[in-house]
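Next up is one chain by itself, shown in structure tokens, the form predicted on its own.
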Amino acid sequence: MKNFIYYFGLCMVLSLLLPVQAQKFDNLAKTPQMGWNSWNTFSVNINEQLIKEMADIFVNLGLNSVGYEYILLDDGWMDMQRDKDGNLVPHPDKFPNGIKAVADYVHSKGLKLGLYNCAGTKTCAGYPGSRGHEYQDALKYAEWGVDYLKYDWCNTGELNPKEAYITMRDALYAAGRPILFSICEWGDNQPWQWAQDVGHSWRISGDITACFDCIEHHEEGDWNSWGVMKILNMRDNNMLRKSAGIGHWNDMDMMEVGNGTLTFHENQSHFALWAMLNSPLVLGNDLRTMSSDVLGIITNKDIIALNQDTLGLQGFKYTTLGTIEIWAKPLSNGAWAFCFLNHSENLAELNFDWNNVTIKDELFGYEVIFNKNNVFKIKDLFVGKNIGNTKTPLKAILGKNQVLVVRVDK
């Protein structure tokens, strides 16, 4: 009971200070966050040994050397009940040494630890949510050494989403430890209109599923999971682009690269599109058993560089030629990236003549002009080689759902 009184009193004091200082933490997510999340592969079946193995394999595979830094525990890490003082309790069988021990281990590898919770009374899997315990939970996260919070939206009743996320933002700030705040509200309440000052990223869709272009309906809850292309086309991209930028990103959800029915080319396309759109690059596969092909995709430094480019502009669809979509992205230092996606069941021939083409980013005022007096080098980013320049047409044969991703610069 004494602990409860202490936490309650501390939370009240902190809350009184909030009108003059509450905000999200600066200097986080200056580029989209990169990491691994447990949900897509393991659901609630997570434990201390698994997380330690993931931290080990992170380093052994060199994922940290290309930018990945967060190990994220999704739903199911906590016990089914809070303790007598109202504190969250790590599941005693899954995490017998507690979350701080896991955080310490992850930190010893040079990585950061993230946790999951929910704005409602219960999480989506039925564990204790944070409603009514926001400041208490934030203090506990800080005590444990947590670096990232994914905050879901199940069992929220009539809660106002903006205010609910502001409450947790303020609680995290009051607790004093810089924690990246990932809003997982599924885009139902247009977070791109209000979340820039609340979180570091916000989901724009429901959950992803491991297919390229499908919808998976869940009868038990009357909700859907979405394939890669369904998420890509779910919202107006220009509307989303207006809200995103340094420190606040549209989140297309964790990636399914290496999972389900995705082919090699679809894995490449999935990864490239998320990079072009500046979505957080959060892996969702089993790192211990993935193929060398998948490892090559997720560690491609040239593709990652598009996502982590310091200009911080989300890509846009420039045009469509037959079955080939052309996505463009302005980059720092006057460079541009282009993603040519053959979204079809059949082979498609790309013959893109750069000559006398002007591409404009109408929202942000960037423009690139290609002509005989303004020639750019072209680099194929998945091959990792220069393939000529813009004096001659770009030609390729693209298979089903295959991309050609190039960077053009002087």
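Residue positions are given as counts along the sequence shown, with the first one as 1. On a predicted model such as this, the values are computed, not experimentally measured, just so you know.
As for the form predicted together with alpha-D-galactopyranose, it is not shown, yet the points below apply to it.
Query raised in the report: Would residue 309 count as a contact of alpha-D-galactopyranose in the predicted bound form, using a 4.5 angstroms cut-off between non-hydrogen atoms?
Result: It does not: once alpha-D-galactopyranose is placed as it appears in the predicted bound form, residue 309 has no heavy atom within 4.5 Å of it.
Worksheet entry | Heavy atom of residue 70 within 4.5 Å of alpha-D-galactopyranose in the predicted bound form | No.
*asked:* Please tell me whether any heavy atom belonging to residue 150 falls inside 4.5 Å of a heavy atom of alpha-D-galactopyranose, as the geometry stands in the predicted bound form.
replied: Residue 150: yes, in contact with alpha-D-galactopyranose in the predicted bound form.
Is residue 214 part of the interface with alpha-D-galactopyranose in the predicted bound form - any heavy atom within 4.5 Å?
So residue 214 does not count as contacting alpha-D-galactopyranose.
Candidate stretches 309 to 317, 232 to 240, 264 to 272, 120 to 128, one within 4.5 Å of alpha-D-galactopyranose in the predicted bound form by heavy atom = Comparing against alpha-D-galactopyranose in the predicted bound form, the contact stretch is 120 to 128.
Exercise. Since exactly one of 207, 302, 286, 325 fits, which has a heavy atom within 4.5 Å of alpha-D-galactopyranose in the predicted bound form?
Worked result: If I apply the 4.5 Å criterion carefully, the residue I get is 207.
Heavy atom within 4.5 Å of alpha-D-galactopyranose in the predicted bound form: which of 102, 337, 254, 78 fits that? Just give me the one. Among 102, 337, 254, 78, a heavy atom within 4.5 Å of alpha-D-galactopyranose in the predicted bound form occurs only for 254.
With alpha-D-galactopyranose taken in the predicted bound form, which residues across 222 to 240 come within 4.5 angstroms through any non-hydrogen atom?
The stretch 222 to 240, when checked against alpha-D-galactopyranose in the predicted bound form, contributes no residue at the 4.5 Å heavy-atom cut-off.
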